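Here you'll find one protein chain in two forms, each presented separately as structure tokens under the names structure 1 and structure 2.
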Structure 1
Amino acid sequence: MARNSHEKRAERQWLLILLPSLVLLLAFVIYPAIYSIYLSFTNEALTGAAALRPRFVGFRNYARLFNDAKFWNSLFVTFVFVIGSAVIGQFVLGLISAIALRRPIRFRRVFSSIILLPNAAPEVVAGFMWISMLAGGDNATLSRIVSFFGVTPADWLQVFALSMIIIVNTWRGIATAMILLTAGLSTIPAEIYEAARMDGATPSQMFRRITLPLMMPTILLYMLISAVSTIAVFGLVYALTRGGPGGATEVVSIYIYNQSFTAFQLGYGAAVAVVALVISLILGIGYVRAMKVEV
């Protein structure tokens, strides 16, 4: 009886010390998320008549969305951006680094420190560094490198804008992929490789038959984490191209920003935001299931 009341009091106290976090998350994440659904059904604006007296417009924003070529373009650009940088670029380079760093070679710490470095650079700084690398003219770093190989330089961020932001985002995210995949690799028991080597398996066979299958849970988790974090990328692309030229790099987060704070169409921007939220939540549910929450 006494123990029971003891526990009851303890439970009340647990809730009490969690409460501040709960309040902040409710106020600044959950409420805005729900509020954005409401906003997406209004003609809310930042300036003009609609700012003073917003009206309920039903599905009009969504109908407009459906026929908006720029919206579909932004979804397509986001898709290519996520596949190119998170699913392919970061993953492949991260896996290569993780495997290379498993060998007992010298300077391992130096190498891994350098590969981790881009992840530490704030978005805006990363953007500016790459503006220097990718600028037009013969003196920019990339232009000089390709000239060395006999290729004609270009104004990289104008001509190959989407490919370039994919490269920059790959550069920034190799570290995360490398860390997660290193952790995944280290869970594979060395005896399995030993046994395979006894049976005369080649390295590429071992990679395809042992490493990849056993790494699948880690790879899946990594893919989900990096996909959702790539959808959320804003500052890096904004600093590099601000969505241009001509919408070539207008990922969905930039499109929301432009509609809301450049065109001042908050209601319409909210409709785009709801689409982004739904896509992220679908990926997020996969992520939650892959995490296998233990209590």
Structure 2
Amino acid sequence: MARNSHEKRAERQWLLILLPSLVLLLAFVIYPAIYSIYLSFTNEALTGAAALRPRFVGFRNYARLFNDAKFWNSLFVTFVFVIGSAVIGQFVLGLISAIALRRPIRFRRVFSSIILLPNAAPEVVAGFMWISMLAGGDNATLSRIVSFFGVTPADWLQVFALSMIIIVNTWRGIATAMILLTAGLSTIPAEIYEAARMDGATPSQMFRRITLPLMMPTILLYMLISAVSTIAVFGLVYALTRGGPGGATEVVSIYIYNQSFTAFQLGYGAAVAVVALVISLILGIGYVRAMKVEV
């Protein structure tokens, strides 16, 4: 009886410790998600009659959404943005950085500080930093650099808009990839590599047959976190291009903002947000299934 009483008291203490986090989770995650689902079934707006007397419209917003070419364009742009910056750019450069930092290289601390530095700047601040690099045509910093090597300058945020936001988001996310992948590398016992070297394995063979297979759980976790967080990127893209030119960089988060606060259609914007939430949940379920974890 005394043991059961002690266990119950410990459970209550843990609940009290977790209560502030649960309240914040309910207030800022669960409630907004439920309210967005409710809004998606209404014609709620910021102006007009719908702002005064919103009505329940059923699946009308979703029917409109799936017939909206701009919505499909935003999904395609988001897909390219996620693949280019999160899956390819951040992962490849983060893995190279993680492997390099495990070696006895010179100026290791300087190298790691340079990689971690972009995370110190908020999205919008980073966006304005890169505007000074990319905007301004011939007077842009990047234009002056490439013209020194004989390359014709360009209006980078107009001609190569999507490529530029992929590069900037890659720059900001390398540190996260490096930290997660370094943690994954540290879990691999050094004895495995020593045994492989004694058997005559080359570095490329050890990477393909030891490092990658043993790091697969960490890689899958990184892919999930990176993909979901990249889908939600807003401030960086808004500061750089605001979704332009002509929708070339209108990722789904920018599209939601434009429909909700530029076109003033909160109900329709909420429907797009719910679809984005469903996509994120599908990615999460895919990760769980890939890891063969029962939840």
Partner chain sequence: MAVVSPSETANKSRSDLIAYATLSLMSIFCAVPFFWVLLASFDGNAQLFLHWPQQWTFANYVRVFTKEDGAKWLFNSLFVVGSATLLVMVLAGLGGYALSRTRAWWKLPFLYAILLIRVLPPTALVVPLYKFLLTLNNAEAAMLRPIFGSYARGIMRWTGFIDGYLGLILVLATMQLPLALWIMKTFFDGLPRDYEEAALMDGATLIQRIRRVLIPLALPGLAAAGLFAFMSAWGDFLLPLIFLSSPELQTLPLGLFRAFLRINEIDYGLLTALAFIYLLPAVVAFGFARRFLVQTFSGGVKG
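Predicted, not measured: the structure shown is a model, and the values here were computed from it. We call the rigid core the largest set of C-alpha positions that still match within 1.5 Å between the two forms. Quick note, the numbers are simply positions in structure 1, starting from 1.
Here the chain coming from the form predicted on its own is structure 2, while structure 1 comes from the other form. After superposition on the rigid core, the Cα of Pro189 moves by less than 2 Å between structures 1 and 2. For Val29, the Cα coordinates differ by 2 angstroms or more between structures 1 and 2 after the core has been superposed. Relative to the superposed core, Val275 undergoes a Cα shift smaller than 2 Å between structures 1 and 2.
For Val146, the Cα shift between structures 1 and 2 is 3.5 Å when the rigid core is held fixed in the overlay. Note on Gly286: its Cα is shifted 4.7 Å between structures 1 and 2, core used for superposition.
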